[in-house]
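Here's a solo chain for you in structure tokens, the form predicted alone.
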Amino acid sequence: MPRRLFVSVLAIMLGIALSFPAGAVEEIKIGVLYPLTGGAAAEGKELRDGAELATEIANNAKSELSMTMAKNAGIKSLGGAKIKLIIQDHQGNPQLGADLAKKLIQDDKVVGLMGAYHSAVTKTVAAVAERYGVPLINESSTSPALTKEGNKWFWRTTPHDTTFTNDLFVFLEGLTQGKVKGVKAFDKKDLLPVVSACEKTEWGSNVDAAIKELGKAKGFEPQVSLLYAAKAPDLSSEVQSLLAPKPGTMLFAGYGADAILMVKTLKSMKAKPKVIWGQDAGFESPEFVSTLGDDVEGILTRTVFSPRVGDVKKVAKEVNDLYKAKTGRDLSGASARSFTATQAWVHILEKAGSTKPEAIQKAANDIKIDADELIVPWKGIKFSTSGQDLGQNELGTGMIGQYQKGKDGKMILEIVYPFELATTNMIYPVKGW
């Protein structure tokens, strides 16, 4: 090569090299574990769609959106590197989840993990992440025990069930005191007795414990509390036991198919409680509404998102519009949480400026994402770095929605708690069957 040409080529190559940060990479692989088949497939697909939309926004500048990650095309501190999600189906199986996590780390060389919805699966995946020193951001598993293991490679953006269950009892107390929009104060005895039924896995068992502990403290201790086998073909005997004391309030925790079967069984036995509440999961899946139709009207579920949040947060409406254009559906609690966790990954990678595990770990422990950036109505994201709830987002808050039929005849989740964010009058009592 002639000397002049060689020098020119060398200069161009040097220029290109200097235009990128020292740690620049072309692609950042994140392994994602969701249940895409089985009883919680609908929720898994919601989670996948939310994560994919956030990735699309992070990889392609959308300056019209009111959030920082939409301003850059890729991770700016890593030379514009794009995020690539490698999504795997764990089928709700804890052992399969652990095996897939190991494969993602060893074979696909992911820099981090996200998932895994079922708390029992997340527990095994977190153990793998801890063993290999790979960061795991969890968006949707709410067993409080997950952040009490002392893990150094686990962070959780969503509030957990202690927060959500405490919200429930504050809500019930406020309901009797006239704090809920559209409902006058009444005697607490009208909501008694309380009964509960939770599926018997890591998640449901912890919800059951939280209901008993926090309910007792607020004077709503369940008179009947059941743990039932997940994916049970029949719930008749369980519902008979729950209805025996003529409950005023019925509380449930179940995944997709279980939640639908529970409501169908309540209807077949003409249940008439005044309040029915579900701990998210199956009670907020798209199939819950599409399968049960008008029978869900008046049912409450805890959540972190409703399209109504868009009435008070501009960025929530902007992202919901994009999601609806992409999928034909509004964001749900599941898709909003996976969107938010992916967004947290983007902020952490920007701050780390590296894909080395130790740099990501430090950035996750130092990160603070403001409430204005988020589509969920939280105070922000900041992970605990000490105490008994290690890695838990300290700024997450809960919400309770109620299914109501809109003027267009479609069912929508109206906000009834926090009281100050209520979007309509609550239907009380629930009509029953």
Partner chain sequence: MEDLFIQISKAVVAGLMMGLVFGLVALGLTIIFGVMDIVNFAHGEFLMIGMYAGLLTATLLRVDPLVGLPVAAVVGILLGLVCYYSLVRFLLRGPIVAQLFGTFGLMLFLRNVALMVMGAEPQSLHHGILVGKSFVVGPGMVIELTKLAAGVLSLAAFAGTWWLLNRTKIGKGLTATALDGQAARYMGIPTERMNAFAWALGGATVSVAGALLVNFWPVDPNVGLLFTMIAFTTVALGGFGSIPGAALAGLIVGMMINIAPMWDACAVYLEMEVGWLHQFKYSFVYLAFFLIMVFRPRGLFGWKH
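Residue numbers count along the first chain shown, from 1. Given the structure is predicted, the values throughout are model-derived calculations rather than measurements.
Below, we refer to the form predicted in complex with its partner chain, which is not included among the displayed structures.
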Please determine whether each residue of 226, 235 and 244 possesses a non-hydrogen atom within 4.5 angstroms of its partner chain in the predicted bound form.
yes
Only one of 274 to 282, 260 to 268, 351 to 359, 297 to 305 has heavy atoms within 4.5 Å of its partner chain in the predicted bound form; I'd like to know which.
260 to 268
Quick one: does residue 377 come within 4.5 Å of its partner chain in the predicted bound form, counting heavy atoms only?
no
With the partner left out here, check for me: in the predicted bound form, does some heavy atom of residue 151 sit within 4.5 Å of its partner chain?
no
Tell me, yes or no, whether residue 77 is in contact with its partner chain in the predicted bound form, where a contact means a heavy atom of each within 4.5 Å.
no
Its partner chain contact at residue 45 in the predicted bound form, heavy atom, 4.5 Å
yes
Among the candidates 200, 188, 329, 314, the residue which, in the predicted bound form, approaches its partner chain to within 4.5 Å (heavy atoms):
200
Please identify the residue among 395, 367, 36, 67 with any heavy atom within 4.5 Å of its partner chain in the predicted bound form.
36
